[in-house]
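What follows is one chain in C-alpha cells, specifically the form predicted on its own.
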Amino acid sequence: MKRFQEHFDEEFIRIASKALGMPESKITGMIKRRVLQRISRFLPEYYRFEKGISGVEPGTTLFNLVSDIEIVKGFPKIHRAMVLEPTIQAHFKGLPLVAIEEKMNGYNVRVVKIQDQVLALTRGGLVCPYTTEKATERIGLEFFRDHPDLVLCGEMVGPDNPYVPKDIYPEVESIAFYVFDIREKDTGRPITLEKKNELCERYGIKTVRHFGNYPVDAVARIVADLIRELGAAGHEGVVIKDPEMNLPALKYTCSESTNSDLQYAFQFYNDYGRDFFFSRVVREGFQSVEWDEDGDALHERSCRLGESILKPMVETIRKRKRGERITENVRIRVSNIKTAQQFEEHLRILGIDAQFGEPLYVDGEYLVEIKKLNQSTNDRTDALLNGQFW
C-alpha cells in the first residue's frame, strides 16, 4: 500500500469515492488495474475511465482540482438500426414525433469548461491539445460563462482532421465543430433538441443538419430516401432521436460511407481489427435485403464492397514490395506551434508512432504534415512477402 500511495493522491481517491458513490477501495483497485487512468502531462491533471464499469460510461473524465473533482460523463454508445421499419417502430413506440439529424463523418468530441479553460475531450476521455485549440477558437468562452455546467457534444470534421481526415464537406476548408447534443456535465443527461438548437443559435455555434420531426410511421421511408441522397454526396448517415431526448438515439449509415471506411482501413489491413470489417459487411447484407435489391443492384453493391476491400490492400502490398513504408498521412493547422508539440505527446499517450514534418507557416497558421506509422501492417506484409505462413 505504501508504494501505491507514493504514486496516487489519497485526497483524490477520497473525493472521487464520494462523487461516484463507490467505496475508496474500488477506486484504488480501478487505478491499480488502469481501468481509471491518471494523465498528468497536461494541466489540469485528470483521470479517465478507459472502460465502462459500475454504471460509469467509458470515456468519463475526472478532473483533479485543488479541493474538488469535476466529472465529465462519457458519451453513451448510440445503437445501430440494422433494419429500419421494425427497429424504429419498436424503439420509438408511443412517441408522436421522431427527429432526424445528420450523422457527420469526423470524430466525437465533448467540449467543456474546467476552471477557466475550454477543453476538448475525445470519445475515450483524453484531452486533445489540437482539438482544444480549435474548439477554443471556434466556440470561445461566452457559452460556458453562461452555462458552465453544460457540455457541447459534437463532431469535428474536415480535411485537417488528424483522426478521420475527410474532405467531403465543401463548406469546411480546414476543420469545423458541429454540435449534435448538449448534456449536463456531471450527470450526462441531455437537454431537448429544441433547447439545444435554441442555445446554439443564440451563441452562434454550428449544429448538425436537422431534417425535421416526423410521425413514427413515416420515419423509415424518409430515412431511406435521405440515406440514398446523403450516400450519393459521400456523407455518412443519420441519427434518429426522441425530440425530448428521453429515449436513446439510433443511427443508420449509408452504403457509400461503409465502403469508404473499408477502403481506408484495408490500406492498413493488419492494424484494424476483424470486427471492423465484419460488422460493415453485415450492414451491407441487411440493407440490401431491406431495400429489396434486384440482381443488378446486388451485383453493383457486391462489386463496390469487393473493390473497397481488395484494391487498397493490393496497393499496400505493392508499396511494401517496392520498399515503401505504409503510413496514414494526415495534417493539422495550428495557431501556436506549442499545440503541435503537445499533440505529438498526445499521440504517444495513445500509443501511436508518428513522424511530424517541419511546420510550414501558411496564412497565419502552422501547417504540419503527420505520418502515422502502421507498424503491424508493415511487419506483417514484409513477413508474408518473404514466405512466412499466414
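None of the values given here were measured: they were computed from a predicted structure. All residue numbers are counted from 1 along the displayed sequence.
If you look for the form predicted together with a small molecule, you will not find it shown, but the lines that follow are about it.
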Indicate whether residue 251 is a 4.5 Å heavy atom neighbour of the small molecule in the predicted complex.
yes
4.5 Å heavy atom contact, residue 144 and the small molecule in the predicted complex
no
Margin query: Taking the small molecule as it sits in the predicted complex, is residue 180 near enough to touch it, meaning that at least one heavy atom pair lies within 4.5 angstroms?
Written below: yes
>> Would you classify residue 305 as touching the small molecule in the predicted complex, given a 4.5 Å non-hydrogen atom cut-off?
In response: no
With a 4.5 Å heavy atom cut-off to the small molecule in the predicted complex, the contacting stretch among 221-229, 72-80, 132-140, 86-94 is 72-80
Contact with the small molecule in the predicted complex, heavy atom within 4.5 Å, among 200, 208, 168, 298 goes to 208
Exactly one of 260, 213, 267, 108 comes within 4.5 Å of the small molecule in the predicted complex through a heavy atom, and that residue is 108
